[in-house]
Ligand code: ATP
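Here we start with a single chain on its own, the form predicted alone, put down as structure tokens.
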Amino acid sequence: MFEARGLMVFYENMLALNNVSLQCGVNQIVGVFGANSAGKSTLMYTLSGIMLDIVKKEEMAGRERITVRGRIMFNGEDIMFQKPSRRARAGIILCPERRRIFPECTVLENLKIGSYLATASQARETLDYVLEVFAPLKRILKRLGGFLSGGEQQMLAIGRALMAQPKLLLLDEPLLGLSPAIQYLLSKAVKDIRDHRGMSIIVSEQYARPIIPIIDYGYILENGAAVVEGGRQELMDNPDVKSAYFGT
């Protein structure tokens, strides 16, 4: 079980997250939806621990002061101030916004880089699964990451995250800038990953339409605050959500 309680993030005098609480149970898919600047990436950085590194870098450079408050519980342990590397070893793995693959490395090299927390047998088995769920990668294993399409890069980014053996997979805007057809394929793959890999997934997304049908529970962020939450059907039946994300 993963739970965040009362998360607050201040950038100097700007409130980026305002008392956000969420839960993600075992083998659940939880969605976090909102427009640009709603606080989605700040939330994902906070959940993964990367926000702690950002705070430290800003302090060392004498730039913007960032304050983080709240609690994050993972399997009964308070990890709010654990380093991101320790969270990763515990199984909390972030697939960041805009993919951030290694463009000078091949597809296979990118995937192998992701297996740094896996045993040899785990790496082999997970690689087989990644090439099954993202079959287009199988034909381009020797191609450099910088020469992939946006959809291929996103498949590679998620595959690389899977190689790290996550128990909780954090997907930050995986559909950004992709065609509707690729968005649908990736949404289907996310559900397959949950169903066949036995992991929990939190996915933040501006393009909620392809994601809401596969979630178990979801939250709508506006100006850093969770203004609506509910199960999949509750959100799909909510007139405000339907208007904002489904155009009806």
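Residue numbers run from 1 along the displayed sequence. It should be emphasised that the depicted structure is a prediction, and the values quoted were computed from it without experimental measurement.
The form predicted together with this ligand is left out here; the points below concern that form.
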item: Stretch in contact in the predicted complex with this ligand, which is absent here, among 177-185, 29-37, 190-198, 210-218 (heavy atoms within 4.5 Å); value: 29-37
item: Proximity of A16 to this ligand in the predicted complex, heavy atoms at 4.5 Å; value: yes
item: In the predicted complex, S48 touching this ligand (heavy atom, 4.5 Å); value: no
item: Touches this ligand in the predicted complex: E152 (any heavy atom, 4.5 Å); value: no
item: Exercise: E64 in contact with this ligand in the predicted complex, heavy atom 4.5 Å; value: yes
